[in-house]
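Listed next as structure tokens is one chain, alone, in the form predicted on its own.
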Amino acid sequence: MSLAELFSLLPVLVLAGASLLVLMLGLWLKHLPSLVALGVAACAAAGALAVLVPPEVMEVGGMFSAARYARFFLVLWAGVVAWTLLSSVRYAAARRFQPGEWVSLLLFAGAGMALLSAATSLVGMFLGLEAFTLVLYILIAFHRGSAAGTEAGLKYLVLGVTATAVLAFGVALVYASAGTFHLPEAMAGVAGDSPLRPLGLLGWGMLLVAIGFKVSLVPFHLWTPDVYQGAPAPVAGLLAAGSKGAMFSAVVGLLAGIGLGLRDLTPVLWALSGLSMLLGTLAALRQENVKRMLAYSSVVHMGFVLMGLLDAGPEGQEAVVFYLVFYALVSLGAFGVLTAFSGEEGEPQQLAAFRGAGYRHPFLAAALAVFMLALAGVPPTGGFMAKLGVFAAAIRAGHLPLALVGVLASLVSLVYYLKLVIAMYMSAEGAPPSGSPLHRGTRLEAACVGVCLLGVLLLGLAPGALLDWIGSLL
């Protein structure tokens, strides 16, 4: 790898290098706020380099892109990691997380997500995906005193390793069909008239199985509620906002390169999207546990994103990227409120724990209510514009029935989102309960939630700037 290629990959190297530096410093420095400050500074430096320093080459090692699309997502994931670090200071200290390991793993997860979003080859996609998936195995079970966290980490590990094996086998079959790992050529080879084309389509099917697991599409979603419930709230937010978003940002490139071959995969994608929206909605309706409800909600939203990908044109890709940005903000915000409400005794998860929160914690409860309405797609939040974009993409691609399924799922979702809102602003006596187990949260946590709240509202009230920017990237 040349110096020019390394220079073009510099923002990712800053995240990875800072991760190693923090891990070594953590052996001597046990002051969590200092290490968090160093991690946030590394994220800011990586984001600034991605924006201000142009790359010398557009592709690194034939595996990773250094173009504007890749750098856009690098800035987004660096921001997600910095937000997670800031919002989890009190949470991590209360549970006696090892400071160096905690900050280091989050930084390395950001580097892995950036690499996945920048992947231009199947090998690059595999390396980027595994880089942050291996970190998530540890982060999900990071709270050693939590039996639920250990169980969640084990479930994610077993199923994740299986999905990794399926992904590797799918990559091998696509390579056997196309003779290359590079995404445009490899995907185009699947759409050609090669006698090995059926083998390539089988490989693509195995890729979809692995992708379906990583982003929680039905029927590969069964790990999701248990992992969300057992994982620490900041990690669950990172999993929802970053892990799934990074995977779909890579899938945009995959489907863009397959061209006419998308027609062969459309029935499968249609079924995955429709089943995810329907079954995820039905499962979420029954939940009294907020984290499990958000887990099934994520299944529904990944169905929405996949629906937008059925339009392989620039408009569909633009709608998907916009949805990923919105979903990152709203997921961080929702889990940020759960983090702020968490005390040393644990996290509030049951709906009953939120009763009267609107009276005793007005800002955090109001923010959580807005996030729930945004997830339901209620204007003027960003959720309305995000869903409008993917519905329009599906209709343009000729999938009106699927769009109608999405509209129906959105309408029904109001039921389980409003259950939480009602719990916060009503009690059995119509007044706030006499006692509240919820933590008041710190000013830093409130500020982090406020950033997400402002972003969700701006995406609904003035989405044009982001849409134009995304259009220029694509």
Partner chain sequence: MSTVIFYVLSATALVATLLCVTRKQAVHAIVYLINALFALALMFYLLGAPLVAAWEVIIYAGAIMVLFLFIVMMFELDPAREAQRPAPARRWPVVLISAVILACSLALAFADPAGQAGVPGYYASPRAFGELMFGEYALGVEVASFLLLFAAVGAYTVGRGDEPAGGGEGRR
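The model shown is predicted, which means the values in this text are computed figures rather than measured ones. Numbering follows the first chain given and starts at 1.
We do not show the form predicted in complex with the partner chain, though everything after this point is about it.
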{"query": "Contact at Val60, Met63 and Ala131 by the partner chain in the predicted bound form, all three, heavy atom at most 4.5 Å", "finding": "yes"}
{"query": "Answer range among 48 to 56, 24 to 32, 407 to 415, 443 to 451 for contact with the partner chain, defined in the predicted bound form as heavy atoms within 4.5 Å", "finding": "24 to 32"}
{"query": "Residue contact check: Ala16 to the partner chain in the predicted bound form, 4.5 Å heavy atom", "finding": "yes"}
{"query": "In the predicted bound form, Leu115 touching the partner chain (heavy atom, 4.5 Å)", "finding": "yes"}
{"query": "Distance check, Arg96 to the partner chain in the predicted bound form, heavy atom within 4.5 Å", "finding": "yes"}
{"query": "Any non-hydrogen atom of Ser104 within 4.5 angstroms of the partner chain in the predicted bound form", "finding": "yes"}
{"query": "Among the candidates Ala141, Leu375, Met277, Met293, the residue which, in the predicted bound form, approaches the partner chain to within 4.5 Å (heavy atoms)", "finding": "Ala141"}
{"query": "Listed residue (Phe384, Phe181, Phe220, Trp270) with a non-hydrogen atom within 4.5 angstroms of the partner chain in the predicted bound form", "finding": "Phe181"}
